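A single chain comes next, written as C-alpha cells; it is the form predicted on its own.
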Amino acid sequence: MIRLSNEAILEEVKNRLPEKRFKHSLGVAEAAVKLSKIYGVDENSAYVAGIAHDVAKYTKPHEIEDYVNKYEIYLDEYEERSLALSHSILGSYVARYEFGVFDSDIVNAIRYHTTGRADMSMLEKVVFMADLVEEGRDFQIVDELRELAFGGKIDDAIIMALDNTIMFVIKKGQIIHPRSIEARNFLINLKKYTIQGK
C-alpha cells in the first residue's frame, strides 16, 4: 500500500534533491521499470523504489539526528559515520512514514540499495542494479553490468558490481560494510550450488 500518489512522491523527491541527483533518480526509476519487466517484478513497485531511493542523500548532519530520534532509527557503527551508507536507511523511513509506502519490499529495496544484503528479493536486486546501470552512469565496467543485468543475468551483474565496489573501497582505504560482503558471498554460494545441482 502507498498513501501518496506517484506524482506526489515524484514532487517530494524533486523538492529534496539537487537537479543532477533528481535526474539520476528518474534514470534509476526508468531502469528499474525496464529490469522489472525482465525479472517479473511489479513495475509500479520498481518505479516508486527507484524514484525514492536517494531521497535522503542530501540530509544534513543535524537532520540525521532528528530523523534518528523521530523514527527511532538504528544506525550501525558503519552507518553512523557515513552518509553514503546511512542515506539509504534514512530514505527507507522517509518512504514509509512521510510518503506512506507500507510495502515492505519497496522499503527494503530503498534500505539496501547501497550495500545490498544476503538473500535479496528480486525487487531489491532490480533497484540495486538500476542505481548502477541507469543511462546517466559512466564508469569503467558499466557497459558490462548493463549487458548482464538486461541480459537476464542479474545475479552475475550484482557479483561483478560488488567486486568492483569492494576493490574500489579497499583502494581508498575505507571500511566495507559487512552487508556487501554477505551479499556477495550469498550469491557466490548460490551460483556454486546451482551449478553443482545441489
Ligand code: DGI
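Here the structure is a predicted model, which means the values were calculated and not measured. Residue numbers run from 1 along the displayed sequence.
The same protein has a further form, the form predicted in complex with this ligand, not shown here; the description that follows concerns it.
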Classify Leu85 as contacting or not contacting this ligand in the model of the complex by the rule of any non-hydrogen atom within 4.5 angstroms, answering yes or no. yes
Proximity of Ile188 to this ligand in the model of the complex, heavy atoms at 4.5 Å: no
Look up in the model of the complex whether Gln174 has a non-hydrogen atom within 4.5 angstroms of this ligand, and give yes or no. yes
Close approach of Arg146 to this ligand in the model of the complex, 4.5 Å, heavy atom: no
What I'd like checked is whether His24, Thr114 and Ser180 together line this ligand in the model of the complex, meaning each has a non-hydrogen atom within 4.5 Å of it. yes
Using a 4.5 Å heavy atom cut-off, which of 44 to 52, 150 to 158, 163 to 171, 63 to 71 contacts this ligand in the model of the complex? 163 to 171
When this ligand is considered in the model of the complex, the residues of 56 to 75 having a heavy atom within 4.5 Å of it are Lys57
